[in-house]
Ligand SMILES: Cc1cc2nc3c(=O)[nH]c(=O)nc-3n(C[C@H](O)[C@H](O)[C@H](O)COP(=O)(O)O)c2cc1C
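Listed next as structure tokens is one chain, alone, in the form predicted alone.
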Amino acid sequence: MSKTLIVTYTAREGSNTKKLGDYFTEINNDKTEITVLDLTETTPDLLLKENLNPLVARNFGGVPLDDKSAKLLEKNDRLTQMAIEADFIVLVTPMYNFSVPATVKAWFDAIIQKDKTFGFNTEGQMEGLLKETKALSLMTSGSDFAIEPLKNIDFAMPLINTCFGFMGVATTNIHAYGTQQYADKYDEVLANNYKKIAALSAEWYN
């Protein structure tokens, strides 16, 4: 059976984004082995002075780490391994201030690691190492960022696609924009996205 990692950050009560994630889990629970990584409970370690320097020394300098330094990287290494082992990754995140929440960016910073999720080919060019992995991002926003003038300041989708793409992961975006802007069509907006989730699920787990 395939393995699906659901990475979720839906801290707000009544989260619309959580509804999309819950629907995905509900219709696919018996089709794939699902592991949920709740970033509100398991928060990636920020790359600060004490752990960034050992990370660079190990990943780019090939320097063996002592036990103390290795322990500083333990959590992020574990999160990286979870991503490596997944056949499918579902990122469930809202949009905060035109981009993803800081905790979601921290997850990407944790798992984008040299010789684990990306590397260099024989010509010295960077390439993703997770080419067999597929990803889905599920997101909602109160306003419609699919059209101008807001489309121009949607930095969330480009960041998600760039980070996954850098690791070689092909990504599909299903984003329910305008849950407040189109309040009179709220149920319709969600229903349309549920249909998209069901269609992609049938493709993934056929």
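Just so we're clear, the structure is a prediction, and the values are computed from it rather than from any experiment. The first residue of the shown sequence is 1; numbering continues from there.
The same protein has a further form, the form predicted in complex with this ligand, not shown here; the description that follows concerns it.
Exactly one of the stretches 113 to 121, 88 to 96, 68 to 76, 129 to 137 approaches this ligand in the predicted complex with heavy atoms within 4.5 Å, and it is 88 to 96.
Annotated contacts: Ser15, Gly142 and Phe145 all touch this ligand in the predicted complex [non-hydrogen atom within 4.5 angstroms].
Note on contacts: among Asn51, Asn173, Thr179, Thr42, the single residue with a heavy atom within 4.5 Å of this ligand in the predicted complex is Thr179. Residues of 25 to 48 are not found to place any heavy atom within 4.5 Å of this ligand in the predicted complex.
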